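Listed next as structure tokens is one chain, alone, in the form predicted on its own.
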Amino acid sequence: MKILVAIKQVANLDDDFEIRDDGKDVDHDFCDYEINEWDDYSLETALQIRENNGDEGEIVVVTVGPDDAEDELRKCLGKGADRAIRVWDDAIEGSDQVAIARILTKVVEKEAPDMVFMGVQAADNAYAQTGVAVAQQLGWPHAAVVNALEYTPGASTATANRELEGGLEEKITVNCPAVMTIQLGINEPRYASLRGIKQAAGKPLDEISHSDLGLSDDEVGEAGSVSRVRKVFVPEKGQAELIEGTPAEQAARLAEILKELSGA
């Protein structure tokens, strides 16, 4: 059994921060980094499946990110993952979620796992598109927003509970291999033990480029993206007014506000 878990390093902003000179991101000097919360639950899901299978099988974590993203991979190795892969080079800079999915798809094809787990979304942009895009590019079945999963390694199907709108849930069976995007609360992610942290230093962490995966420069970065960030900015603060009084008085005040806003 092999489960591939895709993770992302995301930024936590300081209370005071500045926008980069090009206006397309926050200045990284004002950011602290950590593993995306949703991905932490994905890794825990994989670890529990292996434990329930007599600790047999391999768990591989992969990220698309620069040098400092290695820290998050090492934390995953400390929790029990067996191997890590980091994909990066200068050409990948500026990749959107579709280009990232294209890179991850190539990693999946190379690794040939039985299952792929990813977080529902990333805390920094919340697009919630990368996982389903990977499934589409692979041509694999997928289940999104999974909050419960029944899977026995080697089985031809898996059963998942999906969160839907309005508090509803859907129970589905999907053929394997499959891509699952994991929701918060499916389990309780563990902390890395001191022993695990020490062992992580000796576990393999491969660093590869997009060309190692058979991708051209036109398939990654802005050239391989279908969207790009035009501008990042702090929105202007609005104002609110609590309208009190009788219904007639509230209606009259609301009419006054609308006239003021329209310039009438």
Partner chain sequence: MAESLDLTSLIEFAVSQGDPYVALALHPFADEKSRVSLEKIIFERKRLKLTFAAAPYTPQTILALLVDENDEQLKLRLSKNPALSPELLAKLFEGASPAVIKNIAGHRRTPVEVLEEIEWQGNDVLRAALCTNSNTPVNLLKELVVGSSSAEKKGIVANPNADCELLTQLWNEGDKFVQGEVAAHMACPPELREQALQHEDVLVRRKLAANETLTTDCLLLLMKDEDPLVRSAAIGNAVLEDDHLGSADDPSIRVRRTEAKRQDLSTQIVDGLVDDEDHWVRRWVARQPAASDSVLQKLSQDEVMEVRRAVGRNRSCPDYILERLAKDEDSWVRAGVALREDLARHILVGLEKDDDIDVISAVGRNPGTSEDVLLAIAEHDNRDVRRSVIVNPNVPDEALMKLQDDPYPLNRAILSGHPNCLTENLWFLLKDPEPQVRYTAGKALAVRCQATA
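None of the values given here were measured: they were computed from a predicted structure. Residue numbers count along the first chain shown, from 1.
Just so it is clear, the following notes concern the form predicted in complex with its partner chain, a form of the same protein that is not shown.
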Whether residue 29 contacts its partner chain in the predicted bound form should be assessed with a 4.5 Å heavy atom distance threshold; does it?
yes
Report yes if any heavy atom of residue 22 sits within 4.5 Å of a heavy atom of its partner chain in the predicted bound form; otherwise report no.
no
With heavy atoms only and a cut-off of 4.5 Å, decide whether residue 193 touches its partner chain in the predicted bound form.
yes
Classify residue 188 as contacting or not contacting its partner chain in the predicted bound form by the rule of any non-hydrogen atom within 4.5 angstroms, answering yes or no.
yes
In sequence order, the residues of 58-78 that place a heavy atom within 4.5 Å of its partner chain in the predicted bound form are 68
